[in-house]
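Shown here is one chain on its own, the form predicted on its own, set out as structure tokens.
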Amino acid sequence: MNALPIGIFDSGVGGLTVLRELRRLLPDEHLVYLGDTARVPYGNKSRATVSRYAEEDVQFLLSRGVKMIVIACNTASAIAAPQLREQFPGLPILGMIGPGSRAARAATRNGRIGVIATAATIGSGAYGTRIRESFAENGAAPAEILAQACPLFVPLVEEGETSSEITRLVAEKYLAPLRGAGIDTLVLGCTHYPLLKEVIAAIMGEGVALVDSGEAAAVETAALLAERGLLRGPQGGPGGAQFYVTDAAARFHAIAESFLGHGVDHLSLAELGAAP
């Protein structure tokens, strides 16, 4: 069981931010990454559609023999995580919302927290609920949460437009309501958004801490595997990664190699909803 891989899924390339952190924290683990690039983005889909896509993603990863699922998609985490835990009892499933919310509570100094995410994640209210719960669990006063949907960020990242002038202009428009709101912490509530971190940081200024939900989730993944005795350990040699996408493999390959800083040798097309 310990030698089995960790399964990671996202609607596209955004989950690579989570995979990179997992490789850094858990270099002995094998990882299987699924990017549903044929149906990206999830953030503008209905709840029923996101739930169906997420179930198909999990089924595919299970066909690859994974020991744990990391939902490296905030939209799927917000909408489908409870359903997935019911459907697959006994399978460790970690989403982005809890880790990101706990990291935001730890980072803020004045209790005013901004959240940027897809329209579906913002509409779910999941971050606001979990951040307030995190404050309450620690006996602190409720936070003030300001949420902003940024629907164009995901397609910009998927096209590799992470630092262009058009990306900066779009970011300035989205972030304008938050700049003067007195927040000191901003949750990047979509795993695509850390690829825009330089642009976002420049607009928000040095006084605003950026919380990467993917980084927080990687830390909690390591802790969960250790708690359940599922860490692979170094005895089997270094870990590796396999990548699957549902479309546009060449574009994914180029973005993945640029972002990860190394070759992506094991990339295949996946057909979801079909027998493996």
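Between two forms, the rigid core is the largest collection of C-alphas that superpose within 1.5 Å. Don't overthink the numbering: it's just position in the shown sequence, from 1. Bear in mind that the values here come from a model prediction, so they are computed numbers and not experimental data.
From this point on, the text means the form predicted in complex with a small molecule, which you will not see here.
Contacting member of A241, V40, I69, L34, with respect to the small molecule in the model of the complex [4.5 Å, heavy atom]: Only one option qualifies, and that one is V40.
Three-residue site V115, Q148 and T185 fully in contact with the small molecule in the model of the complex at 4.5 Å by heavy atom: No, the whole trio is out of contact, none within 4.5 Å by any heavy atom.
Proximity of S101 to the small molecule in the model of the complex, heavy atoms at 4.5 Å: Contact with the small molecule, no.
Residue contact check: V154 to the small molecule in the model of the complex, 4.5 Å heavy atom: Residue-level check for V154: yes, a contact with the small molecule.
T121: touches the small molecule in the model of the complex, heavy atom cutoff 4.5 angstroms: Yes.
Partner-proximal stretch of 187-195, 202-210, 159-167, 104-112 relative to the small molecule in the model of the complex, 4.5 angstroms, heavy atom: So the stretch in question is 187-195.
Rigid core superposition, E144 Cα moves 2 angstroms or more between the shown form and the other one: The answer is no; the displacement is under 2 Å.
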